[in-house]
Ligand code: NAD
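In structure tokens, one chain follows: the form predicted on its own.
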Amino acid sequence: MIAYPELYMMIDGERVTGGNRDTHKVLNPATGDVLAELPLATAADLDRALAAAQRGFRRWRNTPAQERAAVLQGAARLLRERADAIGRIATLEEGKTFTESRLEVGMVANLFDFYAGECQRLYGRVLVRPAGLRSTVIKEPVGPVAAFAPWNFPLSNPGRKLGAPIAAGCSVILKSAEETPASALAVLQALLDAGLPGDVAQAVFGVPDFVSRHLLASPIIRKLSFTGSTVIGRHLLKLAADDLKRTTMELGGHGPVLVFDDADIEKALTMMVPHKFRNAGQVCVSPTRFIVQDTVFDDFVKGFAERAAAIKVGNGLDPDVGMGPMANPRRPEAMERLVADAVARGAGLETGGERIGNQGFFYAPTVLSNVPVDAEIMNDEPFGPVAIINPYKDEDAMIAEANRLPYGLAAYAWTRDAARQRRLASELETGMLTINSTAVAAPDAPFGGVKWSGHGSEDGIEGVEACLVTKAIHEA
């Protein structure tokens, strides 16, 4: 048995547990068993976190860049040392395979190392002026940040929410998902162990609407950072607008994959099938709508379904498993509804389409073909292990389908035509595009979307700049 840690909130450097607080049962998605009970924040807890964040910001904004960088570098080193233990915790509470969880620890460590370098590159500039005059432009930290992270990447989502503000000189109140609290706490603990003052970063949990309303109503919070659904994102944007808070919003997607008849089909299948079913499809940039040129459609569907059916599904801690359970009981229920609707409207069920086993939250890797455009799954993000494959005649029709929805987070394309690659880069409405590859994210590259998929970016220099404000200074 792998031990699951005691749960708590981290407020002003103190582990907060017990009392008369309500609790949330954290489940193991592979078994449905309760792992632990998580204390939920009261109004007094949130007020204490706000006061600490205000105090911590005054301290941290004046901390030299080299010291901020040292904390991030130290945390990166500790995460790598603890990768096995942290990865197992993430798999226990989220379900993804241990291999994926361990890679995710590395993603956070790499991001912290990158942000450590950016601490010393928060440049301003001196403007050209006549003798006797001086004008400068400087960048300053925006202030305390309220950051909300979902459960699907229980380590890298908190890492993104913490790393950029800390690099910029801000304080942070992190409200991570109640389904995966121990992972978020492990990331924060690495920062604290590396020397981050306890009042600079807090971790609270609670009823999402209550916590978000309380934090965003406070004038102490100067920025909102949110990753999650478009519906919740719109709600939080309205709350943030009342106080004109800065916002970074990474919202939903419905990833199109354009496969042209000149593509290396075998390579595309070999790379895209595991990419589709990683974390049981619970990935905001998951490839979902496979928009395939009709001349290669039949071969692509056959090859995709065969590979999907061969994926071994089971407990993510089993080294032979290729896909773990879904993260909570809501997700298999959503898959059943979406697949049933598509099939009822005439879609072909090539493989999967059912739950697996009688415990946990397992759903089979599923492939649908010839799905009508009015099916619910063609218009709403499934966020699960379901691939949609439809035929299209030519490039214009394929681009039109890719751009049809109001989402624009990540898109993929497979073609060996260099001129077409340039056209796709120009015409696809997306925040991120990868061609003949699955690589979407990197520490030094901006991560974010357009249209209903949000605004602003995390990662890269853009992630730190989103936590800064610009000040012009004119002297005579």
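Numbers follow the displayed sequence, beginning with 1. Keep in mind that this is a model prediction, so the values were computed, not measured.
Below: the form predicted together with the named molecule, not depicted.
- The candidate stretches are 190-198, 171-179, 292-300, 265-273, and the one lying within 4.5 Å of the named molecule in the predicted complex by heavy atoms is 171-179.
- Using a 4.5 angstroms limit between non-hydrogen atoms, Gly117 is distant from the named molecule in the predicted complex.
- When contacts are judged by a 4.5 Å heavy atom cut-off, Glu100 does not count as touching the named molecule in the predicted complex.
- Looking at Arg355, you'd find every heavy atom of it more than 4.5 angstroms from the named molecule in the predicted complex.
- Residue contact check for Ser229: one or more of its heavy atoms lie within 4.5 Å of the named molecule in the predicted complex.
- Contact with the named molecule in the predicted complex, defined as a heavy atom within 4.5 Å, holds for exactly one of Val339, Ile388, Ile89, Ala149, namely Ala149.
- None of Arg278, Arg222, His214, Arg331 but one reaches within 4.5 angstroms of the named molecule in the predicted complex through a heavy atom, and that residue is Arg331.
- For the three residues Ala305, Gly348 and Pro372, a heavy atom within 4.5 Å of the named molecule turns up in the predicted complex in no case.
- Contacts of stretch 197-224 with the named molecule in the predicted complex, defined by any heavy atom lying within 4.5 Å, are made by Pro208, Asp209, Ser212, listed in sequence order.
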